[in-house]
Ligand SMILES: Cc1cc2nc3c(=O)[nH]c(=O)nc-3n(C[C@H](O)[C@H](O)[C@H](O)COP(=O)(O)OP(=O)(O)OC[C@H]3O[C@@H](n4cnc5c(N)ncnc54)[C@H](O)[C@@H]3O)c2cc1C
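Next up is one chain by itself, shown in structure tokens, the form predicted on its own.
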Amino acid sequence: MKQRGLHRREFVKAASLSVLALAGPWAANAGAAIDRSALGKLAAKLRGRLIAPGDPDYNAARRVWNARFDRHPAAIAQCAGADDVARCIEFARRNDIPAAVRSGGHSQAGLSVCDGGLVIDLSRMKRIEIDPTRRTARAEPGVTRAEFDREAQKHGLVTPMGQCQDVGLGGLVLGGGEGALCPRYGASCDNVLDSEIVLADSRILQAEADRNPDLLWGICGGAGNLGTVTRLGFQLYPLREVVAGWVWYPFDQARGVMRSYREASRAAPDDLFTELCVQRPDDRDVMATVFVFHSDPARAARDVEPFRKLGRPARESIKRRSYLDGQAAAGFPVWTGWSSYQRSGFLPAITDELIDAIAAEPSPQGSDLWFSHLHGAISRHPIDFNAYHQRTPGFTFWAEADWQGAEPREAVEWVDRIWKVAAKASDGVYVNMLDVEPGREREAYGANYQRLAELKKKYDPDNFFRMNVNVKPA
């Protein structure tokens, strides 16, 4: 990528050198020990590669981006296709061990890896097929957001995707997929046309509008509760250029900027996506920063102008860009070896109480917070359009601490204090944003939880797929 733009992780730096390990309740039952001969038999059946403890690549293969989670699976199966996935599921069931499914390894809660079980690693499954005439795509789950965008842009096409360039489609889309094109075209999962999925009994099914439609419904926003998705089909749209960039406001203007941002957002058209964050882009000065992404350059000047006047800006970088550069400006790379702690929720409105709390306490070094505006097409679908349930206009909010080395207690405690205020206004949570927070599962699926529970009973009655934000079978 020639132009990296402004990446969120570049806003967050820390100086310490150790790693905090944090386990969730799903890591407690590691299952029975597996002998090497059983693993050897599994390896012989796979088209992909099986990696076990003692193998030279084991430590690299088990690592995930969030270094809070330092887990040791019994084996990692780097699958080559749906048949490999089916064999791995059969093996895990037969040996009574947990299985974690990994696409990009980007789970905030460390759900991409487990202790003592089998990691079904889809990260090597990267086939992409674009049909420019029908404007459709098929992609395997190990394809990252950036890889998909680059391939689709060879034909001047897009579909809504998240902002992190390294996230795998298998995690992003199954959780919903919020990003810069959601106001115009809906969530990533709203544009899924069909899917291939391996169930807990190792059957490989196709799911589309006229074949297993209930399974397709549950895949789109159900966060991997029903099976392992091995292929996704997408609707594509023509788009090559956008207007995108940032406006920086000094922190002493934060209260006024946030209130003005709240008002300006109410009139935002479908072509305009915005985010507001509070962070330290230079590790010194705290800034209130607004990102804008307009998908119709011919109309952008008028629509973007209010966000240039939320206060007295220190500087800005808004300009006409290629779609890929616009996505690069919006997104951020993920650096394996860094740790992240996060709290998040959906806010129908940004309250005065939250604005005052943020303005009263600047973010410590190594922390930041974000408001991502959801409106337009993503909010016009009915709540039961698919399992993704956040259909009210509002804001996905999150506060996070990121570090390399020792845990920065000041930053983590700041996240908890800000979240305590934000939680009062929260109504649900984007499942892909959840950290280790048992008890928030129903918030993640909202009014669709019960239907998902019924589908879980149908397709995974023993709850084999439980390394996720878990829905219990009805």
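Position 1 is the first residue in the sequence shown; the rest follow in order. Everything numeric in this text was worked out from a predicted model, so none of it was measured.
There is also a form predicted in complex with the ligand; it is not shown, and the following applies to it.
Only one of the listed residues (220, 229, 88, 287) places a non-hydrogen atom within 4.5 angstroms of the ligand in the predicted complex, and that residue is 229. For the options 326, 171, 366, 117, the residue carrying a heavy atom within 4.5 angstroms of the ligand in the predicted complex is 171. Heavy atoms of residue 343 never reach within 4.5 Å of the ligand in the predicted complex, leaving it off the interface. Residue contact check for residue 233: none of its heavy atoms lie within 4.5 Å of the ligand in the predicted complex.
The ligand in the predicted complex comes within 4.5 Å of a heavy atom belonging to residue 101. In the predicted complex, the ligand sits beyond 4.5 Å of every heavy atom of residue 418. Considering the ligand in the predicted complex, the lone stretch of 308 to 316, 378 to 386, 234 to 242, 162 to 170 in range is 162 to 170 [heavy atom distance within 4.5 Å]. Taking a 4.5 Å heavy atom cutoff to the ligand in the predicted complex, none of the residues in 248 to 263 make contact.
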